[in-house]
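Given next, in structure tokens, is a single chain: the form predicted alone.
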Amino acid sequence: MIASQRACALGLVPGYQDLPERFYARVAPEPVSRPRLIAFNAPLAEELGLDLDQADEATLAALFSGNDSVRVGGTVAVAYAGHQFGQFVPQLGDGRALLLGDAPGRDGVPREIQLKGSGRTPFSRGGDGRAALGPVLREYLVSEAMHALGIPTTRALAAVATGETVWRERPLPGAILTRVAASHVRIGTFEYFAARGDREALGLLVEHVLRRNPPAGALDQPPALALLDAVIERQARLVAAWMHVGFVHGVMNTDNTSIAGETIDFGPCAFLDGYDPATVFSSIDRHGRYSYSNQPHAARWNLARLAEALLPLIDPDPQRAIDRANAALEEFPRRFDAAWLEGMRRKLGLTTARAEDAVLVREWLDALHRGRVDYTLAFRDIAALADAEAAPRERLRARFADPSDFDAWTNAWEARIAHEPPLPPGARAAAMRRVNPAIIPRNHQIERAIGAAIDDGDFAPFTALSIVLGRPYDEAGPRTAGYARPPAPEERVTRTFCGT
């Protein structure tokens, strides 16, 4: 155990490392030859309570490349298993990531800091343990954009170019991401110990998670059942939030499903342009298992795997354990539907609930689908209807291949708004603009920023995009309008790839 060591460079303390050594492998980061700082999230560092105000770029590059972390000690690669596209793999683990420790946080809430791309570990399964520049930039951009959108997510603290080449389908520049999470424990972490019949480890893991990420309510049921219930609630709200902004995770395996209810692992993720519920971006998702519309079903399937892993701790009687777990799982559709409809009401400017609201939302989405209307812009533009602005109304109407679709639905929507309590002029539209982003991480813009960095060593597009994505609800102006527009046909990105 290494609980007594402190990570002196960042002022971190052990957290997960306080668990027994079968939970992880102790590994030092592999030094890199020419670390160079690409991005440093100073506001996040301040939130975490890291004393880095006076650190220059060279110091930060050495620290977040792992070069200066070598002397710290206590870095670990965490063990976990997982169902990948439905197939169980009994041992996965951090094959290219190392957990540095806990930052205590200005708010007193600890958060884990991890290097991603820091070299081989015992879980690398023949890989090089490194990360290419493109996936590091993608995760930095999208994770921070998700935070700005108000969606629970892991966050990016720093990105560093290593000065070394990694080989994928072609030689690529290497990089390392520093990731921050409430917890890196996944459903697959529980599966790892359940597959080994290690009931003691399961119990220790439940205690660790409940202590670190306690449920909202009191523990009036067995701890394992309380944990399952809390994760069901978190995942229902998380996936609903994804759906509200058109996010497609792309690889919702159980090893990518966070117990803390945060979005984690951004490999083949993307956002919808034209609305199609069957949209799949991931190059390895050949059957649409993780399509946009299937994400709630995938989440429920993953939660069932967590329930299976926890059965021995839920009740000593096997049948009672199954019954209690199933009762908890049956709550997921209700919770998801409630969270989804609650968010959709806000997006459509509704402050009260009526029985016909779900039909109104579905008819709107069906109209968008028939016209392949841009999902983000359609919701953003609809706020103009609440303000009764003629020009934006005609702009939105023109987005539909068959404008009669728009006319029929807006008549129904305006009739529904008539049943709403009156609000001051502009208040409804302003509230709608606070939940309907003007700017999202468009796939073609991310690829353009990555391409400039890889091909030309030009990080200016990445930096500019990062700044704009930090204010997604601001009205697009002359300097940001280009970031709001959908891709031209030749710019469309239809396939995204994992970073391994």
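Please read these numbers as outputs of a predicted model, since none were measured by experiment. Start at 1 with the first residue shown and count on from there.
Heads up, the form predicted in complex with a small molecule isn't pictured, but that's what we're talking about next.
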Worksheet item: Judged by heavy atoms and a 4.5 Å cut-off, are Pro152, Ser183 and Val239 together in contact with the small molecule in the predicted complex?
Response: no
Practice prompt. May I ask you to state whether Asn256 is within 4.5 Å of the small molecule in the predicted complex, using heavy atom distances?
Written response: yes
Worksheet item: Though only this chain appears here, would Gly246 touch the small molecule in the predicted complex if you measure heavy atom gaps against 4.5 Å?
Response: no
Practice prompt. Answer for Arg130 alone: is it within 4.5 Å of the small molecule in the predicted complex, judged on heavy atom distances?
Written response: yes
Worksheet item: Wondering, does Tyr80 line up within 4.5 Å of the small molecule in the predicted complex on heavy atoms?
Response: yes
Fill in: Contacting member of Asp374, Asp285, Asp265, Asp381, with respect to the small molecule in the predicted complex [4.5 Å, heavy atom]
Asp265
Worksheet item: Within 4.5 Å of the small molecule in the predicted complex, heavy atoms considered, which of His297, Arg346, Arg395, Arg168?
Response: Arg168
Practice prompt. Given that the partner is absent here, state which listed stretch (356-364, 153-161, 320-328, 89-97) has heavy atoms within 4.5 Å of the small molecule in the predicted complex.
Written response: 89-97
